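Given as structure tokens, the chain that follows is alone and in the form predicted alone.
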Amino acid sequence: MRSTFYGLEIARKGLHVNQANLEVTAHNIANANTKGYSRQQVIQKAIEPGTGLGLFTTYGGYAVGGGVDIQQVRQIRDAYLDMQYRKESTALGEWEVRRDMLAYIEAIFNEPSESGINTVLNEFFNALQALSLNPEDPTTRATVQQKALALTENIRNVYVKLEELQREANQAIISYVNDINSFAREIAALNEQIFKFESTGRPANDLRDQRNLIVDNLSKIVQVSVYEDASGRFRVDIAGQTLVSHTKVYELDVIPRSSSINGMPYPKNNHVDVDELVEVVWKDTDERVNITGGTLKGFIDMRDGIGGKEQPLPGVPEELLEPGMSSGQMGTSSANAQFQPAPNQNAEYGIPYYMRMWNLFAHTLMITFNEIHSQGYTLDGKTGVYFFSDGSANFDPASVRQPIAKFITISDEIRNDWNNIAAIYFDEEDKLNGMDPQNGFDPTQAKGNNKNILRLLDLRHKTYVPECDNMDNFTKALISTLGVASRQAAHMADNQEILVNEMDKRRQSVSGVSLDEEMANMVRFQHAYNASARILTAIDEMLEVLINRMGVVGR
């Protein structure tokens, strides 16, 4: 026969379990707005009737269970949704960086506008056109001088801003590497706490939420994979290598790239790269980290992207294809021996691509314009005058400072005297008519000769660089390429944002706290608790009858 007090124990367990349910409900409601919190749930089970000999044997052909007990307080999460969310978050981080940086590059080029390259280029050639109509007019010559200054200033400003943007991207990379290390250390610390807590047999749900939130944040910076073994040891991998293994952290580091390849593991990536760009490496081994996604990859692609394999360009000096050239190193064989061609490791269209094309534009403009201009004669009869220069005291077109887009300006001769604009040119017909300075003809006597200006004007519509058929089309094609890349990045970022939001909604539908649902649970558990308490009272009254009132009849 079972114990007389058996019902008291069942009621007590009911009170205990429903109180626990109310406490978990209260915890859920309290954390309804806590970022990263996953709702928790009490898993309870009915206690089966005792089957052993003695007090808990069946009685009268039936068996009464032992009440209810708590199996665990579990966290409601879906590991698959977590994985999908982090995957889409990684892609979003990458495309957001590309979208923002390409939009910034568009702002640098500022096209179309009244101060963009196409406008200042048009104004320069329009001034030359006006000069061709009246080649001796000083006002028109002054206009050409000023428009040329505006053109070169525009080219320099664009290039300098692109360099600044590359430095900023580099600084962002350093900052995100520090963030990754910080997240890794936090995960390792949480791993230790969770492992110790759960070794007592209790789940560390709230600590796991904190860890998952950090992994979520980390997944936007870099592609991550997480693993947990049966004993609860947690591991985080990035780029196929371990970042955190339980309590051990494998930190990242940055190493400055060098112009020299002699004994340097990481030379410059592109010939236009600014100094002090860094390579992301593993701190323990100095091996390069193969970043495969996330915000960090977005910054690396934009900082290093040269837009496919960098092939030698016809008409462009080989020096332009070598990394780390400076004015003092140009043209010296000993310096050239220290450098290697750009390794072309990044196929994305990033800042170096636009720097390289801008440098190509400036270089070809200066070389071709100077070549024609120097063949003409000034109003004073001088020849061999260069129109553009690299700003150095002793300008030498055979050894131009690179990147020329950073230094291009008008020559001192043109800056100091607009009469040095060489408008006069003697073609074969002139020479047949006796107007040949090589045979003693005085060029100053060729009033009204504008043939050299006309030859310079032809540059605008002749083959400029292999990629485009003329100067106008070159700049338009460059801006068009930028616009297409920027729009694509914006569309991809928008699409990824939609995907991430959708995945987050799906996660919240599983893990999020619904106040309506918790309120319903609260009422349900409150009624169950009250009912259990009422059972205690009923049994107490029964026992009172049994103990105090039985056997008193007839007294």
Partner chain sequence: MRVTNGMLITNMMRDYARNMRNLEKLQGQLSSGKRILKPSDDPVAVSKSLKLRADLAYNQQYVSNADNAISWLEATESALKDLGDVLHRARELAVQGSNGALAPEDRMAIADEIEQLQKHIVQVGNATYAGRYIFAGYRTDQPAFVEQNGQLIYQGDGGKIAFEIGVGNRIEVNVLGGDGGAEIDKIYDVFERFKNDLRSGANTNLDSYIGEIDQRMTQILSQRSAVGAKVNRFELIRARLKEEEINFTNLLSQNEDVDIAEVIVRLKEAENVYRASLAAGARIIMPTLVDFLR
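Residue numbers count along the first chain shown, from 1. Keep in mind the model is a prediction, meaning the values are calculated, not measured.
Not pictured, yet referred to below: the form predicted together with the partner chain.
The stretch among 188-196, 434-442, 363-371, 399-407 whose residues place heavy atoms within 4.5 Å of the partner chain in the predicted complex is 434-442. The candidate site formed by 12, 35 and 157 is entirely out of contact with the partner chain in the predicted complex, as no residue has a non-hydrogen atom within 4.5 angstroms of it. When the partner chain is considered in the predicted complex, residue 505 lines it closely, a heavy atom lying within 4.5 Å.
Interface membership of residue 493, defined by any non-hydrogen atom within 4.5 Å of the partner chain in the predicted complex, is ruled out. Interface residue remark: residue 480 is counted as part of the site for the partner chain in the predicted complex, having a heavy atom within 4.5 Å. Interface residue remark: residue 512 is counted as part of the site for the partner chain in the predicted complex, having a heavy atom within 4.5 Å.
For the residues 207, 130, 150, 281, the 4.5 Å heavy atom test against the partner chain in the predicted complex is passed only by 130. Comment: the partner chain is not present in this chain, but in the predicted complex one of 108, 174, 454, 83 has a heavy atom within 4.5 Å of it, namely 454.
Residues are counted as partner-facing when one of their heavy atoms sits within 4.5 Å of the partner chain in the predicted complex; in 106-123 these are 106, 111, 112, 113, 114, 118, 122, in sequence order.
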